[in-house]
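In structure tokens, the next block holds one chain alone, the form predicted on its own.
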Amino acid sequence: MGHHRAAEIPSGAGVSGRGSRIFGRRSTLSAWVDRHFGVLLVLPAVVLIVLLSAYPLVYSLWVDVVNYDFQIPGHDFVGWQNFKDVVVDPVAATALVNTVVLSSAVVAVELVLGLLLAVAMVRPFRGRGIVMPIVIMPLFMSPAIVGQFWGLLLQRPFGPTDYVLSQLLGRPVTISWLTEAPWNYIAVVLADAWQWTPFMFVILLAGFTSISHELYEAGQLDGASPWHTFYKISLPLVAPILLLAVAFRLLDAVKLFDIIYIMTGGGPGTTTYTAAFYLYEKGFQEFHLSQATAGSWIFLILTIPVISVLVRRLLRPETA
């Protein structure tokens, strides 16, 4: 009589309750994943960029303000001295001027040649399929190979360039292409333009072929000349693609190094130093890593306005 009967509990009630809680947690997790699916997709890339880019950049800020030199033990704090050493270095100024002149020259030459090639090959003709691979072949070559190739062509007295010019002009030609100014600059422009003109050509050709033929037919009906058609129809429509090609090539041309290293070695003396070659010499030949890092930041700061202008122009919406 004194015993109380325990309340009877259905056998599946506890399992059913746990299952409901687990299902609820899974539903919540699934909803959270759905809401943040885009973030989860880009998160691995963000982490990789932080590890490979952000950390070295932050570390370089410390290198900028210490004496990080393989020839001097310790890393004493020197403040802005590394930046001052670069600013007052006449070789750095020469390298910066050479970078501006050479990058502008190579992009201008490549733009003109690429535009002419694109206009010439926009219409099908017999042998076009053979000419096209030959034209774009230099684009797939290593810059070091290109520099070696043009160095062999222009090197005196073994290169054939002076001999061929002598035969064409009917008088002896003795040009030291790699050791005399301004021929050494012309040699660098020739080598770089030979390799990267196909880049301009391919992009501009794609732009020209995307233009509707109806526009050209309308221009012909209105009596427009070929030059007027090109100036009023082709060029305005291909202008955004042209600007994109120039932006890509300019951002790459300011890092000109390989051809300089192979063909002239920065010489004679330091006359053909570019910014990239100057930083290489300071950091990996003279082992002044702090000065080279400071020079890299100065060069980055100087290129930011150019990059900003190009990016704003590329992202500007086209007016109807």
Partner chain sequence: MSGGSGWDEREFHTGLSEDVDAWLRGETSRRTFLTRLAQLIGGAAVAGPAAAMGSADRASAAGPAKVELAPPDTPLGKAQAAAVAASTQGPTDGSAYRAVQAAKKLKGATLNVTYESGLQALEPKNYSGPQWQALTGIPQNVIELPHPDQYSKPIAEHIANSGAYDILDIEPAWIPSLANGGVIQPIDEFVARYMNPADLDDYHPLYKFLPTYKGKRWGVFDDGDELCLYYRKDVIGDPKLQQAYKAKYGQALRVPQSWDEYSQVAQFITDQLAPNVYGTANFRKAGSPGNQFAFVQEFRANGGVFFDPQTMKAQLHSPAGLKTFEQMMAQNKASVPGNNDLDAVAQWVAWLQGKVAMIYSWPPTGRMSENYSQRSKSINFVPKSEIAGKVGYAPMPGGHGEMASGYVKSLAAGSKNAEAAYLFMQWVTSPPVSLARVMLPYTLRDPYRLSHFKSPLYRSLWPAAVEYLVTLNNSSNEAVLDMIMPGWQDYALSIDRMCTAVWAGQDPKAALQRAAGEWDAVTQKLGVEKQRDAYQQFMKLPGAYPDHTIATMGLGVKLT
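What you see is a predicted model, and the numbers here were worked out from it, not measured in a lab. Only the largest set of C-alpha atoms that superpose within 1.5 Å between the two forms is called the rigid core. Positions refer to the first chain, counted from 1.
Another form, the form predicted in complex with its partner chain, is not on view; read the next lines as being about it.
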Checklist entry - Which residue among 54, 46, 40, 251 has a heavy atom within 4.5 angstroms of its partner chain in the predicted complex? => result 40
Checklist entry - Only one of 176, 209, 104, 166 has a non-hydrogen atom within 4.5 angstroms of its partner chain in the predicted complex; which is it? => result 176
Next on the checklist: Please tell me whether the candidate spot formed by 69, 158 and 268 is one where all three residues come within 4.5 Å of its partner chain in the predicted complex (heavy atoms).
Outcome noted: yes
Next on the checklist: Considering non-hydrogen atoms and a 4.5 Å limit, does its partner chain approach residue 257 in the predicted complex?
Outcome noted: no
Next on the checklist: in the predicted complex, does residue 291 come within 4.5 Å of its partner chain, counting heavy atoms only?
Outcome noted: yes
Checklist entry - Any of the heavy atoms of residue 60 lying within 4.5 Å of its partner chain in the predicted complex? => result no
Checklist entry - So in the predicted complex, does any heavy atom of residue 281 sit within 4.5 Å of its partner chain? => result yes
Item to check | Listed range touching its partner chain, judged in the predicted complex by heavy atoms within 4.5 Å, from 177-185, 125-133, 138-146, 110-118 | outcome: 177-185
Checklist entry - Do you see a C-alpha shift of 2 Å or more at residue 40 between this form and the one not shown, with the core held fixed? => result yes
